[in-house]
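Okay, so here's just one chain, in structure tokens, the form predicted alone.
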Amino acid sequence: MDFTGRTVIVTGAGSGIGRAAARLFAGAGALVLGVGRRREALAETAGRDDAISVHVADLRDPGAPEETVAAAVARWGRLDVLVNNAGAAKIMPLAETTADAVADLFALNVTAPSLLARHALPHLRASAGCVVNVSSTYGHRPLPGGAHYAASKAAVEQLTRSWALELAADGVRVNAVAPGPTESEALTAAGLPAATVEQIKSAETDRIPMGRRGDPHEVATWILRLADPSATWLTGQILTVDGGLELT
């Protein structure tokens, strides 16, 4: 996978899968714009790698998606890959559901990647580039107590398929990776107590046939494979990387 001379936007690059993807793209020769809300975390992702630039943005802000794409194009003059990785997990039983909580979740998980893709599209058409969305194994399996998170990821999967058909004639490919439970800060960021996080992790591990949670690097590797410039006939696919959880 050689990305020399290509430019990549990775959202949610401050930790987990996004951090791993940004570093792998840079290692494969790409110029990477790592996007996130925490400057310190993004700086840690970049380290001393000059191939990774950072862009601080809350993608829920109305102008942030357009500004993010503009920042990449202004820096490098082109855009080849958009990785829509930023997202939030939310445990929200039906009895506790509120309109604001649903809107906030969908603003980051569905609206932001949609607007990023919209503003990236002219540049992706010019470069015959691609979009890689990050869904979840819960985008196509139920999640009691987290139905709206699962629904937001189901939306990402339908966006992936629909955009793939819509943009095929333009030479723009759209695929998605759907990770299973992966080591990240998502559960803690969702506001869950440490004891609850450990309980959830243990329960998830018990259900995974391979007997462990995933590592961000394992998922990020497949993001690069979906974005690989040589994968010229692959579009509209949802690749589940979950240690066999989907089989149970």
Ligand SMILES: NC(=O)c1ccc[n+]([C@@H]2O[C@H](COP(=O)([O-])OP(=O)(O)OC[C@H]3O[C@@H](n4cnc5c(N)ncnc54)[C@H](OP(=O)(O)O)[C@@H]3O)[C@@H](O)[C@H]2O)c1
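Computed from a prediction, not measured in an experiment: that's the story for all the values here. We number the residues from 1 along the sequence you see.
Below, we refer to the form predicted in complex with the named molecule, which is not included among the displayed structures.
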Heavy atom within 4.5 Å of the named molecule in the predicted bound form: which of 208, 57, 70, 28 fits that? Just give me the one. 57
Is there a heavy atom of residue 160 lying 4.5 Å or less from a heavy atom of the named molecule in the predicted bound form? no
Please determine whether residue 65 contacts the named molecule in the predicted bound form, using a 4.5 Å cut-off between heavy atoms. no
Contact with the named molecule in the predicted bound form for residue 130, defined as at least one heavy atom pair within 4.5 Å: yes or no? no
Please tell me whether any heavy atom belonging to residue 173 falls inside 4.5 Å of a heavy atom of the named molecule, as the geometry stands in the predicted bound form. no
Sort through 94-102, 119-127, 162-170, 132-140 and report the only stretch with a non-hydrogen atom within 4.5 Å of the named molecule in the predicted bound form. 132-140
Just to make sure I understand: among 15-39, which residues lie within 4.5 Å of the named molecule in the predicted bound form, judging by heavy atoms? 15, 16, 17, 18, 36, 37, 38
